[in-house]
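Structure 1 and structure 2 below are two forms of the same protein chain, each written out on its own as structure tokens.
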Structure 1
């Protein structure tokens, strides 16, 4: 299974509105990671669960706001999310879904219309792609963007706070930065607590249980230069690790990096 499906970038994708981006996704024109697509708009990680498991998962997110900052929670059976975009259809608007059955990956698909059940609850969790635009606007270079890759993500030795059936390790995303840029990145991302906020670790990856930066658990490896520090942010893929451990009968997630694009401006998430 490839970690990232190659797919040509849609024309004018960098300036697309949320609705235009979602329509391209519905038409099957974009099935890959969404970094750089509609870059001024909030993107979200997606978890869809039966109502019987949704209460535990809601508490899990509330107890772990750093990796699991909630942007929206649907009513059972509702596939619209009006607070994020008036025309969103969560069954069709994610470039690539993963279907999990009792903790095992059952399928990858570009829509879940035929699978949809009336008791399913959708959770949308903040994504670091939102604060990336603030870093780029400040003049920083992000390696996975310049190398046209998905961001590198790693399971760590940092435990999350359990809730009901859900527990597991924190997943982090990594961006290599020079020391001066690292200081500025901390200042900038601290303004965005709804999309993971400031880094959780800087420097030696072994201190958080990562053995090899060249072997990410999700996404793509990127070059780390001799004068750069690996900087790690809490990541919205963390729930997928908890789902693998909890093994609910069924759940749906986005494929790592293939996010829901909303109509919200990234600037609206800044706390100051």
Structure 2
């Protein structure tokens, strides 16, 4: 199924509420990426860690707000996230989870009820879907959407600020835009600091350590036209890279693109 095709979530498209979407996911009716589901609602990257690693990770996010903008942090052991949505059960409401043990992928699963521990802390990190929706609403065309691909992502030579066991390169997503759209996209995404905010780089990829745009480290390469600039945003894959490097005993994340759907409206994230 393509990234933005209809999916069997009830009332899919703009009319699905966050709760309806989560209930369909909880029932196992949707186990894939969530792009295009309830497109007006904020979706989040999910990281779940034992309390022993959670302090370091919280400081890591605080020091690197562009790649790791925190939308919510749970109480240890709590599987609800009241500030993000009514009756969220973070053990069951993500379509697909990845279980990592000492930095190695150990399993993929559609719930983590049996794994859940009383000291686990959930982090929900803003996702570019929110600002992409604002760009699309403004009339812009996004190449990875029109080419029906995953956005292209790259490791850069920009180091994140370390915290405890967490460190590593900033990962960026790239969207090619013409100059006028680049300027407009900077204006629009500046209004959304909680979902990566303004770009971190535009133009020459080599200046941030990217040697070949045609070979992304994650996602798919997209066409960059002669009259376009590559525009780079800090990416929510950055903390995942830091997690794999830190090799905590256990860590749960969402599977790529299969995000937590919240009750928050994207528009309400705008800072002005």
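The term rigid core refers to the maximal set of C-alpha atoms that superpose within 1.5 Å between the two forms. On a predicted model such as this, the values are computed, not experimentally measured, just so you know. Residue numbers count along the first chain shown, from 1.
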Exercise. Pick one: is 1 or 2 the form predicted alone?
Worked result: 1
Exercise. Among 150, 130, 84, 173, which is positioned at a hinge, defined as the point where C-alphas switch from fitting one rigid part better to fitting the other better between the two structures?
Worked result: 130
Seminar exercise, completed: Here the smaller rigid part turns relative to the larger between the two structures; that angle in degrees is 12
For this session: Please state the CA displacement of residue 157 between the two structures in angstrom, with both forms fitted on the core.
Result: 2.6
